[in-house]
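Okay, so here's just one chain, in structure tokens, the form predicted on its own.
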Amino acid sequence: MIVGHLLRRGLNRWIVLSLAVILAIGIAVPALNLLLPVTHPLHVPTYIVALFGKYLCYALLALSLDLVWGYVGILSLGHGAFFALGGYAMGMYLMRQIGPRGVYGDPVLPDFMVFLNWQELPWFWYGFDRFWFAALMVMVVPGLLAFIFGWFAFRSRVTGVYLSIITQAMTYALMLAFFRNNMGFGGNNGLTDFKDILGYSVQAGETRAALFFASAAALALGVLFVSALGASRYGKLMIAVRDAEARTRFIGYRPEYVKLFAFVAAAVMAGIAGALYVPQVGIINPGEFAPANSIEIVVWTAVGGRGTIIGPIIGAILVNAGKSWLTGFAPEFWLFALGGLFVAVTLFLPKGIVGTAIDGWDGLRRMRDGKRRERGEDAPLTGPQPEAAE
């Protein structure tokens, strides 16, 4: 239904432009890294490829939060949990690929299990030696957690700040659990020392280029999905739940199911972002579950502009680029800068960068149309046009 609507109506020109830019970057950056010699002025260093690939994963993560916060009004302060679970699923696959090349040379058990005197592989590690199974778990595990959590929370009609608090409690509980050595996920150190992915070295320049392109392609697909969903009738229903949940319920809809669908879809997107993130940074540990990380995602989305699709992407890239610069220049001031940025955006740009730009553009267009009417010229309608009958 959503894809059919997209094909009939077409894409917004800004979405088309954004998709073109994302895919162009996904092709250009690896090409400049692999095809040009190191001495060439346009050569992109390998560390920049990995850094920008991380930014693209963060952009997809922010877009997934935008789906639930911008379109359904669910402010999740535990969204980083789904990102971390997707990362752990991919990390487990990468650990199984090490085999006898680990420090202890065990062909089955990862090094941390040998060090902790585990005698056999836990049952939940079975299957992660196959990529297709790990890729499936990247989506199933975060989606299942979101479904169980959302089923009870939304059916109980938990909303507002109370829902935000329990999402934060969820990710904090997971962080404490994953810190335990007896959980079987590496404890405080997490999963690291990866060797191969699909038989290729994760350190090879070609592999990093492929992962960068995969991250750009995943982000483009995420933009396409959220855009199509938002433009569909179901997207209008999501916005109705956000703006007037009681009225939506009174006319016969079940808002809890609408919220549940969006929450699960966003969790799956976040899990994919986490899976692409791990092989590019080379580690996943319980720190990814930290509530502060989830709050940062909220800041990215707010800075860019929630509900705008492109805004969260811009916010994630800008804030993380600023973080990379500031933590190298004055690391002790980063958290103060992040907090000040969020306060400044809330006070002066409540709709974020993109939302404010859209309002400014609409204001200029209305002013232009008003002047045309004063001169007696016909002016195009600036409001939303009625859709043609299907």
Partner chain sequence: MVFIRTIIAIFLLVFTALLALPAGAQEDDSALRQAISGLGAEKGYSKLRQAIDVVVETGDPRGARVLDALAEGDVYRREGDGAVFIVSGRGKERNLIDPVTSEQVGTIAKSELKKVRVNNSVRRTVRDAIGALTLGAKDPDIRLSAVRTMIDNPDPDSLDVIATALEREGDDDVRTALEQARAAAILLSDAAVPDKVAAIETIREMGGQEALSLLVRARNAAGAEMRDATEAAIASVQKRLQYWSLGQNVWYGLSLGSVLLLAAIGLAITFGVMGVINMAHGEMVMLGAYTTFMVQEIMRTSFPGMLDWSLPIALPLAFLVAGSVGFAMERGVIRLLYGRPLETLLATWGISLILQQTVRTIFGPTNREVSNPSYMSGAFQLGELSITWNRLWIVVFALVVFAVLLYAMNRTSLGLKMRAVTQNRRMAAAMGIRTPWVDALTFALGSGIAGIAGVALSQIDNVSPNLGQGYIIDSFMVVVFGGVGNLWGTLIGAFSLGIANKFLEPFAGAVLGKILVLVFIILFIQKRPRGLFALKGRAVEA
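These figures come from a predicted structure and were not determined experimentally. Residue numbers count along the first chain shown, from 1.
What follows is about the form predicted together with the partner chain, which we do not show.
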{"item": "The partner chain contact in the predicted complex: Ala217, any heavy atom under 4.5 Å", "value": "no"}
{"item": "4.5 angstroms heavy atom contact with the partner chain in the predicted complex for Phe342", "value": "yes"}
{"item": "4.5 Å heavy atom contact, Ile317 to the partner chain in the predicted complex", "value": "no"}
{"item": "Proximity of Leu77 to the partner chain in the predicted complex, heavy atoms at 4.5 Å", "value": "yes"}
{"item": "The unique member of Val298, Val223, Val141, Ile197 whose heavy atoms fall within 4.5 Å of the partner chain in the predicted complex", "value": "Val298"}
{"item": "Candidate from Pro350, Gly363, Pro45, Gly322 lying within 4.5 Å of the partner chain in the predicted complex - any heavy atom", "value": "Pro350"}
{"item": "Residues Ser164, Leu176 and Phe336 all lining the partner chain in the predicted complex, heavy atom within 4.5 Å", "value": "yes"}
{"item": "Option from 308-316, 153-161, 201-209, 106-114 whose residues, in the predicted complex, bring a heavy atom within 4.5 Å of the partner chain", "value": "153-161"}
